[in-house]
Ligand SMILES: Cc1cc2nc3c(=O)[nH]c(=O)nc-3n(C[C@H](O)[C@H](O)[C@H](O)COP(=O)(O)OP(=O)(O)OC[C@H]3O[C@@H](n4cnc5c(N)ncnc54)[C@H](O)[C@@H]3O)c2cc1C
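A lone chain, given as structure tokens: the form predicted on its own.
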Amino acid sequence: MTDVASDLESLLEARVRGQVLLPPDPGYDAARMPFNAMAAGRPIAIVRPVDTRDVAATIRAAAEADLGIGVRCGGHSVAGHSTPEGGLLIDLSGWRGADVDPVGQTVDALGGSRLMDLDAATAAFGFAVPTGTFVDTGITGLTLSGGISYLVSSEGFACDALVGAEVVTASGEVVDVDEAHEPALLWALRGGGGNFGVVTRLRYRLTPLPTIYGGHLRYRGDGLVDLLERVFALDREAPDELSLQALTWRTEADGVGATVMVAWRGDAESGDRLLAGLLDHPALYERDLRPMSWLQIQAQNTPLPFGFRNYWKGHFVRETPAALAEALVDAASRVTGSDFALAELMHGKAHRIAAETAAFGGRHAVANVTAVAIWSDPAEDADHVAWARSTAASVEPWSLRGGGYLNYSEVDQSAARIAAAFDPATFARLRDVKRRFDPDNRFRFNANIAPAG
């Protein structure tokens, strides 16, 4: 054991009541299991705190040992932020649960909660929170960097629903944050990522539970560019109640294909009228649209397993021209394995919420377009990474600012790409907030924003 690890172990054993795992310990490797096998860092220690006081004590110990701090909630960081190499990992993955206030129409959720925890708790009272689309995703990381759900066009991003939080800062101070207390920090938490402390509790504004007419439509063969053009045109003119996502892919059996995910906050009859241009497309070969509860629409996507190799790269785009549709179909024609290109379309309330209320930098994008490469054999790394990079490059001509969605960060993301996720004034303001709450950049295992000065 190194001197640093030995000193840290002594500090933690004296101050922390929760479980402390070091590399030789049974359970250490299971606790650090990476979502992305390409980002399998080895923390010096993993701490599973029992309460907020434990979190504060752990942070102070890390500061005394001069270590960077990573945080694990759901653990789904594609870039490996929840398996920090050489840092101290605070593991909140066991902190799960949500408490609904149906009168005030808010919900308080523990920092390690997953979407499924939040959805189940709020649906029981007739409410929902616009968060994400995979039920095993941790709500904290998702919310702090944006959050795109099937309600994005009618409710905005997950960070827009965040109205309060409990944060343990780099000094070990526990801060209750809302619009009246530390509003600058609340602004930064709405899109600035995990740069400002450990978020142990989140408070969301609720929306009445929607009944969704939705599901998926699948297409293959000729006419896919025309199909995507129709999807893009529909989203540009659609009411707030419609959310669309489009994927392009290729299989040995079906060749190049496209899937359109549909969520219409309305009835089947009006939904079919709205979707007529997609339903009568000659490339359509599978239709699965039906009335669903919110829990059913959320359960559509199969959770992505840990331990595969992942390289994701993309752009928020400012427009969706025909050339973008061509680029996505071309990307699918070059796919090997289970890679795919994803376009999450955004309009409506997502654009109307005032930009100054949140640090989130994708507010004015019309879509988040991402190349998603997932595979298992390390010998195929070069091919899959090259495909994702070339696909992202083909999308870049329509990029909002040259940056992508920080929840889908590539494992080798550059500082320039992180900065490009925000407009310059927002990024400067985030650096000022960082300097106030984490001047030594203790929280640097993230889409890192260095403190000003």
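Note that residue numbering follows the sequence shown and begins at 1. As the structure is a prediction and not an experimental result, all values here were calculated from the model.
Not pictured, yet referred to below: the form predicted in complex with the ligand.
Asker: Even though the ligand is not shown here, does residue 169 get within 4.5 Å of it in the predicted complex, heavy atoms only?
Answerer: No, residue 169 sits far enough from the ligand in the predicted complex that none of its heavy atoms falls within 4.5 Å.
Asker: Just to confirm, residue 74 within 4.5 Å of the ligand in the predicted complex by heavy atoms?
Answerer: Judged by the heavy-atom cut-off of 4.5 Å, residue 74 is in contact with the ligand in the predicted complex.
Asker: Consider residue 407 of the chain shown here, and say whether it contacts the ligand in the predicted complex, taking contact as heavy atoms within 4.5 Å.
Answerer: Yes, contact at 4.5 Å.
Asker: Even though the ligand is not shown here, does residue 314 get within 4.5 Å of it in the predicted complex, heavy atoms only?
Answerer: Contact check for residue 314: no, nothing within 4.5 Å of the ligand in the predicted complex.
Asker: May I ask you to choose, among 361, 214, 194, 156, the residue with a heavy atom within 4.5 Å of the ligand in the predicted complex?
Answerer: Contact residue from the list: 194.
Asker: Have a look at 78, 327, 185, 247 for me and say which one sits with a heavy atom within 4.5 Å of the ligand in the predicted complex.
Answerer: It is 78.
Asker: Looking at 66-74, 384-392, 419-427, 39-47, which stretch has residues with any non-hydrogen atom within 4.5 Å of the ligand in the predicted complex?
Answerer: Comparing against the ligand in the predicted complex, the contact stretch is 66-74.
Asker: Is the ligand in the predicted complex close enough to 92, 111 and 134 that every residue in that trio has a heavy atom within 4.5 angstroms of it?
Answerer: So, yes: the whole triplet contacts the ligand.
Asker: Looking at the ligand in the predicted complex, which residues in 428-453 have at least one heavy atom within 4.5 Å of it?
Answerer: Counting only heavy atoms within 4.5 Å of the ligand in the predicted complex, the contacting residues of 428-453 are 445, 446.
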